[in-house]
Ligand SMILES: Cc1ncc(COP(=O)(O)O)c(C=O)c1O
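Take a look at this single chain, the form predicted alone, given in structure tokens.
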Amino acid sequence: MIQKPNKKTNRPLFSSGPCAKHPNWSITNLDISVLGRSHRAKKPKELIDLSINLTSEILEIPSDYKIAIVPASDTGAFELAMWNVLGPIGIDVLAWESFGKGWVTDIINQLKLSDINKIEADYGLLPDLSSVNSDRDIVFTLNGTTSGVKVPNLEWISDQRKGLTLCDATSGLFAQRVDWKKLDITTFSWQKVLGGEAQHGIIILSPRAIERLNSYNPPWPLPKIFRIKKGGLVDDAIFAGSTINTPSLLCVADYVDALKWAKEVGGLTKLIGIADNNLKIIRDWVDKNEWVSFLAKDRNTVSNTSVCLQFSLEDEVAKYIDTVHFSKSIQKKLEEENIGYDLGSYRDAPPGLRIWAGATIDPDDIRILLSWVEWAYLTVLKEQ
């Protein structure tokens, strides 16, 4: 009989989206005084504007960049960006996991653009970043949520580029520092590192992106929720709290609460430090156990938020055990013991575990979870 660990996680919440709320979160802490009011009214608009200002402050975004809340989470924000700016020049699009591959599909099959250079890699790897042509638009993800592979830095992007950079940063921001001068259009959703509610996206535009928007009109029709121009120019009101469509003020209040927490604990440096420390705990554990490994092949590209792990089985054992069933059996045991929920790898990714390690996750819970993963692995292996 394999002995169970004697400690249980305080919060068994390790989903990679929506992610865990910050410690001590309570719905009673939210400012709900704006609920039931028009989002165009003064006080609700001030709350929306506060969320934008706090976002800018905590992420240390340059003052000449514009920030707006848009519909449909990070997906809506990134689609809005692609549908508005892509087309006038060729595109280099990088893809090494599910969401990046989705942007490739939309660019080719939906926008039907032809001057496309796909720079791809398999799960666990990054494509050749040095092959990117900065005279073209560049489309990429900052952090591969479904592969656990992050871009280690942005030095491969030229400061003298002619094209725009479009960065899907949804599971990287608030945990990984970025060089904003390398990014022209950046998107994310509240539901990731800060544990906000879903269905709202953020888009961040550089002056170069604003210039493209003002000078270029795409040949295809734009759905209403993608229209950020008025009278042929970017509508500045969108970046001052007047959203394109009606946001949930409860979700805005929840996001503001998360931003205030982030500021109180020490801002961006502290948030990054928590995520880095959580990854170190997992890295040290992986180094001690030869039967588990990171999906990311290069240690410098291992994500500090969506940490993807694979199980290794000896060849003789692997002949008789289906890895998908094996991984799901481990997940089931962890959930039945109320140790960790939603730990399965993404549906298109190789089988294994995916542990969210962002700033809202307590390091002690990571340690306790890993002791139980070891118990579950040995138990399932013995049962086969």
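Bear in mind the structure is a predicted one, so any value in this text is a computation, not a measurement. The first residue of the sequence shown is number 1, and the count goes up from there.
Just so it is clear, the following notes concern the form predicted in complex with the ligand, a form of the same protein that is not shown.
Participant: Candidate spot 72, 103 and 168, all three in 4.5 Å heavy atom range of the ligand in the predicted bound form?
Facilitator: Yes, all three are in contact.
Participant: Work out which of 83, 99, 123, 311 lies within 4.5 Å of the ligand in the predicted bound form, going by heavy atoms.
Facilitator: Result of the distance check: 99.
Participant: Which single stretch, out of 276-284, 185-193, 296-304, 260-268, brings residue heavy atoms within 4.5 Å of the ligand in the predicted bound form?
Facilitator: Stretch 185-193 is the one.
Participant: Taking only heavy atoms into account, state which residues of 122-142 are within 4.5 Å of the ligand in the predicted bound form, ordered by sequence.
Facilitator: Contacting residue: only 141.
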